[in-house]
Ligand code: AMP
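Below you'll find only one chain, the form predicted on its own, shown as structure tokens.
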């Protein structure tokens, strides 16, 4: 018998669990800083909730099962359907725009791969009720701040496109199956030239049209920097881009114009290959990749203006993105940017003998109440072993509780970096000295 975690699942031990917790805390703080408010939803839902959005076949990709009442239910694989349901419930009373975020643990039943597990954490940012393209800019700015403050600053590019531009491009090339054309573009970075040409032929493109598209991708396929994007987009318009291509061009030009005075000016690329493989996206789409191109997308999202209607709500423009924890962790580790984990304890309280253990608990409790992290020995170790443990825990200082000091109403504070010691008042273990002298900054 084995009790190891199931395939696609894993334990996160210290200090990695602490590092992951730090990242999630940063994500929440940054989302709130940008005016997003948090939505929390169940971890188990009716299977139909996800089939409304993605069709009945989605059940093959979910951890779905009948509950004890025989109802088909599933572990939640994404929070967007839950968000749409919650919005429909409050649509008439909710001031627009709605800016919600979710930070959730999710489950998807698929073949585990590097950076793609069956259980994962994900942050979603969504804006409902606001037309394009201002929400797109807000999402890109907030997502970039999240990646930067997670440690990925300078390691990635944001890539944007518009599905209506891609549709116009496909029509201009004679595509008879636009869904197949989108899938061919989406897979092109990894499919190889032969497979790409085969996919394009399957979408209805002639050999001449395939050659024209490959020439465009050779010129622009690696991404067009924001300052040059307007000229490239105008070039496609000049070719007589069919509808709805011009609308996509107009949106993208406005996005780049709005980003021109932000920190993203040099980090956002126009990329023809970004179309996202989900049919519910209606126009703007975006992804982020590490600059070396070694990993999966760090984030993905776009505009989904008809999703709320699928859940019985009113016509509602909507836009959102998701940042997953698995690929971000791989990118950060590969670049020595993974957080150290749980922060060191500030103060380690040492009972010189067992007789002082009760006071040691009192001191630790007082420090914790003052917002100072404090720990103490629970093993009954001698003084030397307690001090060794304080060093192992990278504590800033040790507070020694000894009989002689207690008789004077004091404690002994030891700086664990310099070894310097001084007496402090027992009534003020936060560090005010026996003569009211505050300690040096930590």
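Source: prediction; values computed, not measured. Numbering follows the first chain given and starts at 1. Here the rigid core means the biggest group of C-alpha atoms that line up within 1.5 Å when the two forms are laid on top of each other.
This next part talks about the form predicted together with this ligand, which is not shown.
This ligand is not drawn, but in the predicted complex it has a heavy atom within 4.5 Å of residue 298. Contact annotation for residue 361: none of its heavy atoms lies within 4.5 Å of this ligand in the predicted complex. Using a 4.5 Å cutoff between non-hydrogen atoms, residue 110 counts as a contact of this ligand in the predicted complex. Among residues of the shown chain, residue 171 is not one whose heavy atoms approach this ligand to within 4.5 Å in the predicted complex. Partner proximity in the predicted complex, defined as non-hydrogen atoms within 4.5 angstroms of this ligand, places exactly one of 115-123, 191-199, 246-254, 363-371 at the interface: 115-123. Here is the short version: of 322, 226, 217, 86, the single residue with a heavy atom within 4.5 Å of this ligand in the predicted complex is 322. Taking a 4.5 Å heavy atom cutoff to this ligand in the predicted complex, the contact residue among 267, 145, 99, 276 is 276. If you take 136-163 and check each residue for a heavy atom within 4.5 Å of this ligand in the predicted complex, you get nothing at all. Shown in the overlay between the shown form and the other one, fitted on the rigid core, is a CA shift at residue 410 smaller than 2 Å.
After superposition on the rigid core, the Cα of residue 57 moves by 2 Å or more between the shown form and the other one.
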